[in-house]
Structure formats: structure tokens, C-alpha cells
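One chain follows as C-alpha cells, the form predicted alone.
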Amino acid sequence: MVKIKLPGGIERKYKDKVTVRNVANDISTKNRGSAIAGKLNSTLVDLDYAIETDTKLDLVMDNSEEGLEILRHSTAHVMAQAVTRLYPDVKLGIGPSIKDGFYYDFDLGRTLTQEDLEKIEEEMKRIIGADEPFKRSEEPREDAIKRMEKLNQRYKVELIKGLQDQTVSFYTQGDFIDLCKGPHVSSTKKIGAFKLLSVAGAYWRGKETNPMLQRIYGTVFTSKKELDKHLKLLEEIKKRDHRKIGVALDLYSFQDNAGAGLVFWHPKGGVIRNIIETFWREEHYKRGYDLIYSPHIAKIDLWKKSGHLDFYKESMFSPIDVEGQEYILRPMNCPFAILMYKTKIRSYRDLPLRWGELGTVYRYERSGVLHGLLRVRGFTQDDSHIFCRPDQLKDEIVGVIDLAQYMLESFGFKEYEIELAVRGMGEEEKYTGDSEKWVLAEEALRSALEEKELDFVRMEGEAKFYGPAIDIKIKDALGRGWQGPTIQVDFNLPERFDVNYIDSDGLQHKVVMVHRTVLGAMERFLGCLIEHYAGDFPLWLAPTQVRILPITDKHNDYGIRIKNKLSEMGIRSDCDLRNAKIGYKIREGTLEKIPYLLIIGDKEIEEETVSVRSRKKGNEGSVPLSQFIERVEKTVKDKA
């Protein structure tokens, strides 16, 4: 007898060995056909896997996240089969499932075009229609190498040689075979609605010294309705791409002559950044922070002592020779705050010290991963370091959460997800600091979240080696998650740098150090803001809040007077004095996403009013200038 335990306390017994598919068909008619795979004691297996001993079984449904991953991976195999049929000399790389889709890397003798993608899609449809079963097979490692060598698949040979297992598994559908761990759907016909999206270059195994392959991206869902919904989302994401909007609105640029990954802020982008930074400084001063400034480089010995040279060397730029001594561009700001702390003896009465810094750091990122403002080589962190006593830790964390919530809501982010990153069970050796300190820190972070009545997910094994953390992922207008505020408790640096305070007992005690950001990198946050608002910033953030549009030259003087009045009141405005038709001026202002356009003609001069056209409401008619200014000032003050 084979005894199988199922979720919900269900148990089934079978006289002979039984497949996962048999069990799936047996337990519930309503679920028949919806199981895509099984999970035996946490190991994913195909539906045709034969169960021969007592075990625990979970069914993986096609609409679950794991089910979708299997569906995506299977579709990647079908795509590789189609490419192999169309281009027989192709060399195959890898083809995993990814978030919302899949990709496969190919070494081809030609560059693929959009027309090629359409041909590949058509071939995939033929393969799917043929209802070809996915069949798993296993063979000794050496035999697998010979098989792939015979097929002239050198990348597969390299992958097999890198495996430790002596047995290698393959999957075959029709005339196509691929190295794969699995599982897969039972047949190509089980693949739902799919779409190939794009082609991009990708170095083999991510190394720039390796050949450049062509990576085809695609997506697949269980129904056409879900696929259409996703494609519509992708179109919306494309419209909101900060790289395109940033150029269109003249906010920033990258200059090849200066180097990749280095941002040049244009005047309009500079205005937005200055607004954010000014707001950031004001709110920090209100909450008892002091602001500091520190150098952009330091001797290599500092980074050795901090541990960055050991743990972050690959992300650091090469040393700079200065009069025979090696200096390094800073990858982080924290050692500088510590050096300033240690310039004098600190008493327990001096704590907490809250030091904030908008500190620019430099990290080496490979050119292939640079992505607009989201992944750059030089960026400014809204960094702060708090030095406190153990008994102050929880209240300091609550204060940071309060500040983070206020900042996020001010910028229009109402939804976010919170993770509490802690040590993995039984993995204490991976972390620095004694267990008592870890318990104290985790308790302080957890208690602070509970006091704020915030839901969070405990992430076992996700803590940094030096301490646990709270990570907040903000959601934009499309529901996408972005890395936001983080609060990290650090035991490592106080130990390495011997950072102490004199307690009431007259003895030295180690400070508790908290690293935190409430916005993250300014560059990444600006990119997030651009995509969240699609460049249509709220009034308080708009680089130009009001544009005056005189209809003809005879209205220019009145327009200039209005502009000067607005400037006196602190309202950012300009006056379009070009000899152009008013319709053209309106269109230009609309494309630049300026919140208010004030149209000036004879009537407005005679009545001393302005004709208001807003992005939100369109034509609002004529209103007295003083009334308009009052409305703008209130909207800006409320950060509406």
C-alpha cells in the first residue's frame, strides 16, 4: 500500500504505485485538469511522476504562482524548439521563468527582428497545436555531455560540466530535447495564451568577457483575458517609462563623454530635486536630526576596517593613487558618521544622536545592468545614522517609521508592503554579534511595527550579516513595488570601530547604530516619482507650476506683470512671449504637463483677471488673479 497525505488532513491509500495525476483526478472532480504539477515533501515533480512510497503531496494548480512559473518555463522550451526549427544552427543558452514571463538566450548568426519574433510565434502555435507531450529522461553525466557535444550545443556542455550530480535530466517534446530539471506541463497543448515581447543582448552567464547572446522575452497566462490585461499593463508601463518622460520633459540626461551611469540634472530636474531635498531637510530638523556633510573619498584603510573592502569589493571603484597612498570613492556613508562620532567622548545623556546626510556614493555597476535613474554608478542617498542606547532603540525605530510614513504619503504613496528581515533558523554562524543583541534588535523592530499597527511579513534568513532590518516596498499607481525606506540595526560597525558612550555607571558601553533611509537613492526615487505620476507631477512638485500665455504681443505687458506677481509669491512660473498662435502655445504647455496655463487677452486685461486652463479640469474660465494665487498657495501648502 502507498499512503499519501494531502492538505487539509486528507489521506489516500493505493494498492500499487500511483502517479500524481491519478491522485489529482481522484480527490476532487471540480479540480480535475487544473493541477499542473505536484509537490512531494517540498520537491516539485511532473504529473506523471510515479509515487512508490508513503509521502506528503501538495497539488500545484495552474493558477497558482508556482503553477504559472512551470507554465512560463514550459513555454520557454516551446520557444527554443521553434527557434531550433527555424534556425537549425542555433546554440542554446538558458531559458528560465521570470516575474510575469520567461526568456531564452540564443547564439545565432544573425540579429533577430520583430518580423522574426512573429515567425517564431507562428511556429510555437504549430508546436502547441501538435499536442506534443513533455517527456522526462535521465542519463549519466558523461553520456549527457556526449549527447550535447553531438548536437553541437557547447553552452549546454558547459552547464553539464558545472553540475555536481552524476545523473542529468532532460525533457523532450517532439523532435526537441533540452537539459532541464523540470517539472513541466504534461503537453504543449496545455500552454495558454502567450506573446513574445522583445529581443535584447545578454552576455553568456552575465560576464562581459563571454559571448553576447540574443535574449527573447515573452509572457504567458492561462487565458487570453489575463494575457490581454497584462499586455495593457505593459503598454501603460511603457508610457510611464521615466527614461522617455525624463528626456521629453528635459529633466536630466546621461552623457557618453562623461561616462555611463552618471546623471546630469537639467534645470527642471534640478528644481524637482531641490524641492524634495528642501522638504527632506525641513522634516528632519523638525524631528531632532542634525545634518552632516562628509568627503567623497577616503583612504583604503578605512574601507578595510569597515569591512566594505571584504564584502563590497566588486561594487567599489578601483583605488586612486594620491601621493603614494590609495584612496577609494565611497560606496557608503556610514564610516564617515562614525569617525565624526568618535571625535569626542559621548555620554549617555548625549544620546540619541540623529545625523542625516544627503550623501553621494559611487558603486561600480556593469554597463549591462545600468537602467536610467534606477541603476546608476553615482547616486545620492537620503542617509541617516542614529547612535542610541539599547533602551532607546524601539522609540527611535518608531520615530523613523513615523517619518517614513509622512514622507511617503506626502509624495502620494498610500500603499506599501513591509518585511521584517531576520536571521535564518539554525544559521547563527552567518551573522556577526552575539545572540542577545540580535534578540534585542529583532524585538525592537517587531514591537515598533506592532505599536504602529502595521502588517508585516517576517522574512527568515533575509537579515544583513550585521543586523536585522525593516524593508518597506512602496506601490506606485500601477501597483508595482519599489524599494523604499529601510531601517537597519547594525552591530558590526560599532564593534569594528569601537564606538562607545559613557553610561551612568561610569563605564563604556557600545552604542546601538541604526542605518536608515526614508526615500532611498534620490535618483531611484525620482525615477519612481516620474513613473508613478507619468510625469504629471502634483502642483507642489511641478518644475513650472504656471505658464502665462498672452494671445498677442499687445497682451505681453500684462502677462509679464502677472509673472512677476506670481514670482513674488513664490509660485514657479514663466511667460510664453513667442509670436505663435495661442492654440500652439496651449498644446506646448499641455505636452510639458504644466499644471496651470493662464490665457491673457483683451477681456482679462480689462477685467484684471486670468483665464485658467488646468491639467485636471480643463477650461475653468476667468477668475481674479488674487483668487487664483490663493488657490495655488493652498494646494502647494497641502501638498495635494
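Rigid core: the largest C-alpha set superposing within 1.5 Å between the two forms. Residue numbers here begin at 1 and follow the sequence given. Since the structure is predicted, the reported quantities are computational estimates derived from the model, not experimental observations.
Below: the form predicted together with the RNA, not depicted.
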item: In the predicted complex, the one of 498, 453, 553, 235 near the RNA [non-hydrogen atom within 4.5 angstroms]; value: 553
item: 260, 300, 502, 339 - the one with a heavy atom within 4.5 Å of the RNA in the predicted complex; value: 260
item: Proximity to the RNA in the predicted complex (heavy atom, within 4.5 Å), stretch among 567-575, 40-48, 597-605, 63-71; value: 597-605
item: 4.5 Å heavy atom contact, residue 129 and the RNA in the predicted complex; value: no
item: Interface membership of residue 97, the RNA in the predicted complex, 4.5 Å heavy atom rule; value: no
item: Residue 214: touches the RNA in the predicted complex, heavy atom cutoff 4.5 angstroms; value: yes
item: 4.5 Å heavy atom contact, residue 190 to the RNA in the predicted complex; value: no
item: In the predicted complex: members of 583-617 within 4.5 Å of the RNA, any heavy atom; value: 583, 584, 586, 587, 588, 590, 591, 599, 601, 602, 603, 604, 611, 613
item: Rigid core superposition, residue 496 Cα moves 2 angstroms or more between the shown form and the other one; value: no
item: Yes/no, residue 321 Cα shift of 2 Å or more between the shown form and the other one with rigid core fixed; value: no
item: Closer or farther: C-alpha pair residue 319/residue 464 in the predicted complex, relative to this form, given a change of 3 Å or more; value: closer
item: Direction of the Cα shift between residue 462 and residue 316 in the predicted complex, where the change is 3 Å or more; value: closer
